[in-house]
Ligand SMILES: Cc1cc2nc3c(=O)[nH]c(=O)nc-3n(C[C@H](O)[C@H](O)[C@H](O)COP(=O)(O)OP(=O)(O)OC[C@H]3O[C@@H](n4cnc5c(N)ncnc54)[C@H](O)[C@@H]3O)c2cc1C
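Single chain ahead, written as structure tokens, the form predicted alone.
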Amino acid sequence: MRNRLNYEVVIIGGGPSGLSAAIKLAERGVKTLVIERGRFCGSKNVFGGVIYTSSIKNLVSDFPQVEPFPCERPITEEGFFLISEKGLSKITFLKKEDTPQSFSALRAKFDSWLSRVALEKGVDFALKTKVIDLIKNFRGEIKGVVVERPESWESSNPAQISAKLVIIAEGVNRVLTQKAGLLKRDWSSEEVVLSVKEVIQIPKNKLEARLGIGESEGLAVELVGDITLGLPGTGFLYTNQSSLSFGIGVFLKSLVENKIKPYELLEKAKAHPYFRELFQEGEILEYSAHLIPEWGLEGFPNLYGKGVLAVGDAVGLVNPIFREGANLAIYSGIYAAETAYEALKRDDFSEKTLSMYEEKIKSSYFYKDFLLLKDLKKTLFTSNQWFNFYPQFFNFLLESYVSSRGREKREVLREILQELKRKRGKLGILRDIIKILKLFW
């Protein structure tokens, strides 16, 4: 038993970031253990969204020509729905590709498949196992983990698993990340989005007919406007094989301040005329809620410490504007594995050696995106007009444009401009343009 509880690398968490690190380490012959508290990898994940071919091919080069196929549908149409109280405007584009660049996925299925890839590479797994503490030596170096399982049949003491390096892929709650000394505080309510989601089964053939897609086509759209009652956040709609993933994400701070329960938002959204018809005869297969890290660069923990690295949601690698999360988790896991392998070769797990991981992250395209969007959160909390006025105005504009109503068009255009000036004013419109330019420049 003592021999089995010694590993070169222990990974805490069996999500995309942890599994990506495990796969890359196992490919290089590193003795690796993944500890996952769920019954299987993905059992505690409620993600229902989009994953990208480019990131997965770094782990499985044959993807998407793999069996069993771990995703739902290739995304052939994506964009935005701008929602007013009773109207809905669609801004989407169609794409026809020989090799789809993205797929809808359910994490329970996708993570389970990725764990089987890791298992075939030689990774060990400890499922239904919770890490409760980290092992540190007298110099403060992390040398393993303590798990919520007895060390033997005869003893109730928690088992200890030694490791030369620990990779923390625990997700948004960051309990162990704090214990590792990588950050000094928990997240605040303005740094996380609370997302509520339903998976709704639609009768056979009606899903495609209602959305205007083929059996081998998929839709992925962000929902902006009245769906969040004008609060900073968005909704989402993704097509699965025979169901829809539908949900809303709003900053926890906004929900608390406005005393709004997240399920109330979801129910109100489903009552919108468009969604009421879309979900007709639908059966709710799953309801879930999940926190999403959106603290930006200022909320990043230290990425490395003495004998430890942090990856994925534990770091906060989510880009909400460009709908990136799972792919960034995968890249961070790959970078962590590359750093861990170099540290093992040198037999040096000091902060100096492990700083290579931060260098890799900071050289990535997505870190540059985080720098670009450094003021995003501030802009969202001070610019509610993007979530209430502009989606409603866009619907009003289109409705006025396409409805003749026996009126002179000059009069209709004048009414549109008057509505814009009345609600935002010339200075307001100018400030909005400047805010957008500052955010992306």
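Just so it is clear, the model here is predicted, and its values are computed rather than measured. For every residue, the number given is its place in the sequence shown, counted from 1.
What follows is about the form predicted in complex with the named molecule, which we do not show.
- Not displayed here, the named molecule is kept clear of N395 by more than 4.5 Å at the level of heavy atoms in the predicted bound form.
- Among residues of the shown chain, K377 is not one whose heavy atoms approach the named molecule to within 4.5 Å in the predicted bound form.
- A residue is said to contact a partner when one of its heavy atoms sits within 4.5 Å of a partner heavy atom; A326 meets this definition for the named molecule in the predicted bound form.
- Taking the partner from elsewhere, L176 is found to have a heavy atom lying within 4.5 Å of the named molecule in the predicted bound form.
- Against the named molecule in the predicted bound form, the set S195, F236 and I292 is in full contact: each member has a heavy atom within 4.5 Å.
- Checking R107, H272, K360, K253 against the named molecule in the predicted bound form, a heavy atom within 4.5 Å turns up for just one residue: R107.
- Only one segment in the set 32-40, 409-417, 384-392, 57-65 has residues whose heavy atoms sit within 4.5 Å of the named molecule in the predicted bound form; it is 32-40.
- Residues T129, K130, V131 are the ones in 115-139 with at least one heavy atom within 4.5 Å of the named molecule in the predicted bound form, listed in sequence order.
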